[in-house]
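Only one chain is shown below, in structure tokens, and it's the form predicted alone.
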Amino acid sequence: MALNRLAMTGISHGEAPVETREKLAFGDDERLSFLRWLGNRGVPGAVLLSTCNRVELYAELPPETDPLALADLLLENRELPPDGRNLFRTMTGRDMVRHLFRVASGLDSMILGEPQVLGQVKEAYFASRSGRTITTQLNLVFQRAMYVARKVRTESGIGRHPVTVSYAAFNLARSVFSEIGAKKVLLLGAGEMARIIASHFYDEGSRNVAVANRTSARAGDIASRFDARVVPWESFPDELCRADLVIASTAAAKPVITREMLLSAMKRRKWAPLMIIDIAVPRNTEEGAGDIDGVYLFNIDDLQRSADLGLEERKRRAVVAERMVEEEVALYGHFLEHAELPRLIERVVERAGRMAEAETGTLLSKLGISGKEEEDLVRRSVMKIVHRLMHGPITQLKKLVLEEERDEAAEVFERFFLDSDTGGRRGGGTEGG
């Protein structure tokens, strides 16, 4: 069965320290050359997932190939000793499918249920697809993994509750302000907490964030990454007059926001409400500042309680999520037991890919596009449209054949999408348009 040729090997935060993960990590500019290097060593297709918490290689292997060979290839490419293999997890078949589904759903993450990993899985998948280092079986299992991850997050609700102080701070602000993206936000401090919070606001569409830090270069780094603006440290008291929300996370040994400073700012604001979330230890806001009319002050203890409760809730919801993953793994295995179905879908996807590539080549020529980045953007956009169009029919085909056992659906699907391959073309026209 083709499923038994699918394998995964790698390390994650659960098996290896950060020092080891760093040695195995790949930059975006290294990924494609490594995947092609694998191809030259007999691996027909692979997807590389490399993040700060994991380096995992998913591949379709030639028949009767030892899956541990993947670990050896990773170590060889990174010029690391072969005895490092004992840190690797290696899985095949359904175990590999289950692992990928769990990873994409955030169930194998350091922070349970975190959503960023799905984006990283997508990025790894699209990189392999664009570089043509993916096989049909890998293509199908990764598409299914992304579907399962979205379904798990939507139906289990595992990501709805904050489990970190930084996300709890953002979640608190979002619960207070109905239009959080339109609010004026001032970040005091430019450390890791500030960076994470800035990313949450950026993802929410906020482009009205200011950053103040004693070291202006660090503030500038956050500002450049998240479309924010830098406020000179000595000017941040004036910014208190304009902000709707202040999030303080500096490493100062004593308060940087004094009661007197806030009284002055509130008078200039005509006592318009100001929310302050102080996540620093020691606190950045002077004792008693929360007693000022219009000032709503929250500290790290308030947020930690919310994060702790959120983690407990996520653990409860993870039980539901794990059950959903198991059901999807069983369904996917049932799908592959219909040996003719994957091959039929493969033929249709291949034909759609050929048509898309032909149309893309014509479009690039007509537009005069020759830059690699622009070409890749156009190709990915066209393929995204093709896959979105194919998703519905393929999903319905699987449902009819696997769940309702209506085998005639496969014949209709084949006639509809592939009849023209055998000479009988309905409605005229040509494959190139």
Partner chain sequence: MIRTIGDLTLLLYVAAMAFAFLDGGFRRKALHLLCLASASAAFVLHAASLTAKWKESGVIPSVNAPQLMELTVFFLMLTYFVSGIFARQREMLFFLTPISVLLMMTAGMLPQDLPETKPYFTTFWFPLHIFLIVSGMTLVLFSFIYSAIFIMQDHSLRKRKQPNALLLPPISVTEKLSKFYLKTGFFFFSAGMLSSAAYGILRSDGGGYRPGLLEAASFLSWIVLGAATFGWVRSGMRPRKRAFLVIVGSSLFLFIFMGMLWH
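Under this definition, the rigid core comprises the largest set of C-alpha atoms superposing within 1.5 Å between the forms. Positions refer to the first chain, counted from 1. Fair warning: this is a prediction, and the values are worked out from it, not measured in the lab.
There is also a form predicted together with its partner chain; it is not shown, and the following applies to it.
Visitor: Of the options Val148, Leu297, Ala71, Ile222, which one has a non-hydrogen atom that comes within 4.5 Å of its partner chain in the model of the complex?
Guide: Contact with its partner chain in the model of the complex is made by Leu297 alone.
Visitor: Give me the residue from Met355, Leu263, Ile111, Val319 that has a heavy atom within 4.5 Å of its partner chain in the model of the complex.
Guide: Contact with its partner chain in the model of the complex is made by Leu263 alone.
Visitor: Taking its partner chain as it sits in the model of the complex, is Arg174 in contact with it (heavy atom to heavy atom, 4.5 Å or less)?
Guide: Output for Arg174 is yes: heavy atoms within 4.5 Å of its partner chain.
Visitor: Leu309: heavy atom within 4.5 Å of its partner chain in the model of the complex?
Guide: Residue-level check for Leu309: yes, a contact with its partner chain.
Visitor: Can you tell me whether Lys254 touches its partner chain? I mean in the model of the complex, with a 4.5 angstroms heavy atom cut-off.
Guide: No, Lys254 sits far enough from its partner chain in the model of the complex that none of its heavy atoms falls within 4.5 Å.
Visitor: Though only this chain appears here, would Pro237 touch its partner chain in the model of the complex if you measure heavy atom gaps against 4.5 Å?
Guide: Outside the cut-off, so no.
Visitor: Using a 4.5 Å heavy atom cut-off, which stretch among 283-291, 137-145, 357-365, 212-220 contacts its partner chain in the model of the complex?
Guide: Result of the contact check: 283-291.
Visitor: Let me test this: is every residue among Arg78, Pro81 and Lys122 within 4.5 Å of its partner chain in the model of the complex, going by heavy atom positions?
Guide: Judged in the model of the complex, none of Arg78, Pro81 and Lys122 sits within 4.5 Å of its partner chain.
Visitor: What are the residues of 19-50, in order along the chain, with a heavy atom within 4.5 Å of its partner chain in the model of the complex?
Guide: If the 4.5 Å heavy-atom criterion is applied to its partner chain in the model of the complex, 19-50 yields nothing.
Visitor: With both forms fitted on the core, check whether the Cα of Glu260 differs by 2 Å or more between the shown form and the other one.
Guide: Yes, shifts by 2 Å or more.
Visitor: Rigid core fitted, then: does Met275 show a CA shift of 2 angstroms or greater between the shown form and the other one?
Guide: It does, since the Met275 C-alpha is displaced 2 Å or more between the shown form and the other one after the core fit.
Visitor: Aligning on the core only, does the CA of Ala145 end up 2 angstroms or more away between the shown form and the other one?
Guide: No, its C-alpha moves less than 2 Å.
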